[in-house]
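Form predicted on its own, single chain, as structure tokens, below.
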């Protein structure tokens, strides 16, 4: 089911590029929108699908808030178990199990779409940066959503806040379209936010849309965002536990 939306995206962008081709002349291969050809767009969506599979944390924030509301969080307070570390290891296990099953469908789709990767495989340095961005994207996604879940210590219901976050994350992460297609003044603001590291940034690295000389700085900024959300999550948990009251068995 994860691959079905990519089909509609391919048809949509094919229609967009075809309309530009018919109005401006030229051919589909030469038509370009903000540095992306049609083949780049298809490859981009395949890569963002992988990035989102790493960074998405379904049920994490709502699960933390539910355990706080139902009192199940007491088990982490009376046993020598750190809640955040336990949930992180659980998510790592979940992702490992997911990719153990999904690696064959992913490989098949990428094999069938290999012609869309016109530039071929990037050099090893870029591949290492791509892998590092995926790992940090996973950690940013985890600690960001865990921090949202910690709001349950102050408010019993976080579903509305989580809905707003998911809406902004889906749009500002570049999952809907490459962030370079935003107006320049908007793109300047969006590039300062952490959402792009959840989808756009890994795909842009692989496709060579980010110059190699800029990769160390961009990865350093991503690491800074990761550190920030780790600290926020830890502080929110520590302060939340201080004001938490558990009753019953």
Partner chain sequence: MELDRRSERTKYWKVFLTFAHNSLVRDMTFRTNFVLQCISSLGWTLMNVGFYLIIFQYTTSIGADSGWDRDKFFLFIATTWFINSLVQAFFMPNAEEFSELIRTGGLDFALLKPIDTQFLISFRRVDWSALSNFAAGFIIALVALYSLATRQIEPMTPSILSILLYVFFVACGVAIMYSLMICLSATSIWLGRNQTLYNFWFYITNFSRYPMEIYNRGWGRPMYGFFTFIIPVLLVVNIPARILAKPISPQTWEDQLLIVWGLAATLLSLWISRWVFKCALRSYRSASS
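All of these numbers come straight from a predicted model, not from anything done at the bench. Positions refer to the first chain, counted from 1.
The form predicted in complex with the partner chain exists for this protein as well; it is not shown, and the discussion that follows is about that form.
In the model of the complex, residue 167 approaches the partner chain with a heavy atom inside 4.5 Å. In the model of the complex, the partner chain sits beyond 4.5 Å of every heavy atom of residue 235. The partner chain in the model of the complex is not approached by residue 231, whose heavy atoms all lie more than 4.5 angstroms from it. Taking the partner from the other structure, the partner chain in the model of the complex has no heavy atom within 4.5 Å of any heavy atom of residue 191. Stretch 32-40 is the answer when you ask which of 50-58, 213-221, 32-40, 64-72 has residues with heavy atoms within 4.5 Å of the partner chain in the model of the complex. Contacts to the partner chain in the model of the complex (heavy atom within 4.5 Å) from stretch 177-202: 177, 180, 181, 182, 183.
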